[in-house]
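Consider the single chain below, provided in structure tokens and representing the form predicted on its own.
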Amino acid sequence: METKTFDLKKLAKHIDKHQKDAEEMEKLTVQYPDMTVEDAYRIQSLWGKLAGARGDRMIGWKMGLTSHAKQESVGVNEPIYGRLTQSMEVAERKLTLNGLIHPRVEPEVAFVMKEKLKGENFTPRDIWAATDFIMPAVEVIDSRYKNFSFTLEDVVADNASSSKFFLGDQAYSPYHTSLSDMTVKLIKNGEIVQSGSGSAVLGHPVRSIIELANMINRFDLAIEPGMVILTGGITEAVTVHDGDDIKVDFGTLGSMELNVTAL
């Protein structure tokens, strides 16, 4: 069967336009069924260069599919990663839905790094030694694909559904608490709608950083000093609408509250 060639730069521009315009799009794999995960990461990289060219510099990485159950559900044996840019970080405690299509929120632990990590076969000790501090975080994911439906290749090309993220006001020592034992509750309009523990993230969030370093090393990339790393959702993502009040209780890492508004 003849394979269909495709222009990675053109597809990166296509995705970029739909992200900026908040317009749904068809899955790329419908038109290009031969697309590989490696192709998708190259599209994501080219998208990152487009963002950088307009001054939206890269400030970190995010991990996705960090639950073994989620990996099994999509038939993969490793997480995925995406790029975080400056414009994605929101300082105020208000989630504006304008510019979003299918917004969902999920609680995460963010690592902020003080040393460069490049290579493979890192240990948890290596990661802790390279970590400056940790923070509670809420990520807003937003797939640009119709009906929030996509394949692994599609979601990687769409920058792992990256959209916005919030960091807590308080930073903590990496040794402040046992992250795998930490219980997190996601409360929507006063009702607990999701709960989970840090162990949902590959057994321990520190292992998410190890996986990230391994994966980006294949493309000769590194975790740079000062970067923010979102280690992966501790609970399932929750859909939000105009007027929702979101609170996340991170236990010993405090809590975060967000007000959701259309404008």
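All residue numbers refer to positions in the sequence shown, first residue = 1. Please read these numbers as outputs of a predicted model, since none were measured by experiment.
Heads up, the form predicted in complex with a small molecule isn't pictured, but that's what we're talking about next.
Within 4.5 Å of the small molecule in the predicted bound form, a heavy atom is found for not a single one of P136, K188 and D249.
For the candidate set L202, L65, I229, L212, a heavy atom within 4.5 Å of the small molecule in the predicted bound form is found for exactly one residue, namely L65. A single residue from the set F122, F165, Y172, F150 has any heavy atom within 4.5 angstroms of the small molecule in the predicted bound form; that residue is F150.
Contact check for R57: every heavy atom lies farther than 4.5 Å from the small molecule in the predicted bound form.
Taking the partner from the other structure, the small molecule in the predicted bound form has a heavy atom within 4.5 Å of a heavy atom of E106. Although the partner is absent here, G198 lies well away from the small molecule in the predicted bound form, with no heavy atom inside 4.5 Å. Contact check for K70: a heavy atom falls within 4.5 Å of the small molecule in the predicted bound form. Stretch 57-65 is the contacting one of 23-31, 36-44, 214-222, 57-65, since its residues have non-hydrogen atoms within 4.5 Å of the small molecule in the predicted bound form.
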